[in-house]
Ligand SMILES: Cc1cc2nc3c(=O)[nH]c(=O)nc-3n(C[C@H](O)[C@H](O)[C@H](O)COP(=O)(O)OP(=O)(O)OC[C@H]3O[C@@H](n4cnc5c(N)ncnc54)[C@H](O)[C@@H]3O)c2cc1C
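Just one chain is shown here, as structure tokens, and it is the form predicted on its own.
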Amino acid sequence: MTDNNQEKTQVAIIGGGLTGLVTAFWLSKEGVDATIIEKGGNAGGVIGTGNENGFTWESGPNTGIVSHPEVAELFDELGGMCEMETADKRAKKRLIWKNGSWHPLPAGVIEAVRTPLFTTGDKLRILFEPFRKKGNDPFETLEGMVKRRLGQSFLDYAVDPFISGIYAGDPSYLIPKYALPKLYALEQEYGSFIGGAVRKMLKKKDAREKKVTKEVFSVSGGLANLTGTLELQAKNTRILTNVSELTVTPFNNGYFLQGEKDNREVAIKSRFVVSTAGPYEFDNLFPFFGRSELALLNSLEYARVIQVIMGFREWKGMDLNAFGGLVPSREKRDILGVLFPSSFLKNRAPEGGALLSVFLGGYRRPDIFSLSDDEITGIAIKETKDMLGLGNHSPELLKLYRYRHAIPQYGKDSKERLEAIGRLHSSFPGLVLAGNIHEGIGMSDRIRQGKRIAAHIIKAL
């Protein structure tokens, strides 16, 4: 702190999650100093790894996908300090629940024709998918797009459970242009999902594009090793935790940030402010925002999700030779799905045991979020016993985590919200609104966004 109790920093980063840590890491590589301001007790955001009695589990995201080259570039830069762990080949197999049993989600056209998941009529439709006209409505829902191109059963038993697993969302609400831009681009650029995927696969890639392997990844020992390593390697970064009542005010070609930590005032002057906070915090955080912009940003809907971790020292259920199982909404079960981390990641359960990650709630079942912990764990145990053939075998490890603002839902209001973000960036130079309010919801998206923000700031200095 300076004599007048004010600290100066080049970049103030609000939020110490993955986006903030990646931004600070790349800034530090260029000698730019930053201060991360975190309301929680430690950096890392929702990423957390637990260890107990031979089990290792994630209390936030379980895995990511190498869908952007920035992911590979980050791990290359971290070298041996933090090792990416790519999932076992079993992670390629996804199970879908239908009529009381699990079926593999088809990985290609031939499997799609043979599977009992889809109707005969829709199997025939897939053969003609490359010849259908592309859509011309940028605000078409995912439900509308899939029914138009592939049919109802593909929506019910492929896309619906997939969306439950990724967004905990509803295909009738999500807009592909914003929620699944790569899928939207396949139709718009190539006129077809299947034809576009084939042409992209055959397209010659440069060295950087080849880094996008689409592999499922974690980190050796757990994802907390990634955030912990980033925290240590952001050499020019100070991290302030347990900061409350934070507000930001434009001030002399920069910003003044004021909050409270340990009953003492925190006062920081900064040229740049990077916010990874959710829009539900913007009223108090950015009192200088206009009411219309705040309303557009606050319109962002979130899925509420509960995660129940179960550990079994001796597994007596069905073969877990898969990434996990997803449950279509039309099956009327009380879970969204279950991951099998010990099947495709190393050292997640004792030998002969199993680790499960069960998800409940989501955009279409907000009622489950209001249940008590005992009621929720009871549902999770009952469903997994029934669906995974466990009989009366109960878990030795049981943990529950709630996420009120788990996953943003990119609906029809996304265009107006993105325009509002653009106007705020133009009106307040040096302010960057980041996080999953735009540019994707996955860890890969956060890593890409953090590196891009750092490059933007370095160029502006």
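Start at 1 with the first residue shown and count on from there. Just so we're clear, the structure is a prediction, and the values are computed from it rather than from any experiment.
Form predicted in complex with the ligand: not shown, discussed below.
Residues within 4.5 angstroms of the ligand in the model of the complex, judged by any non-hydrogen atom, belong to 428-436 and to none of the other stretches in 27-35, 411-419, 428-436, 49-57. Heavy atoms of K39 reach within 4.5 Å of the ligand in the model of the complex, making it an interface residue. Looking at T276, you'd find a heavy atom of it within 4.5 angstroms of the ligand in the model of the complex. Contact check for P69: every heavy atom lies farther than 4.5 Å from the ligand in the model of the complex.
Residue contact with the ligand in the model of the complex: L285 places a heavy atom within 4.5 Å of it. Contacts between 17-46 and the ligand, taken as any heavy atom within 4.5 Å in the model of the complex, involve G17, L18, T19, G20, I37, E38, K39, G40, G44, G45, V46.
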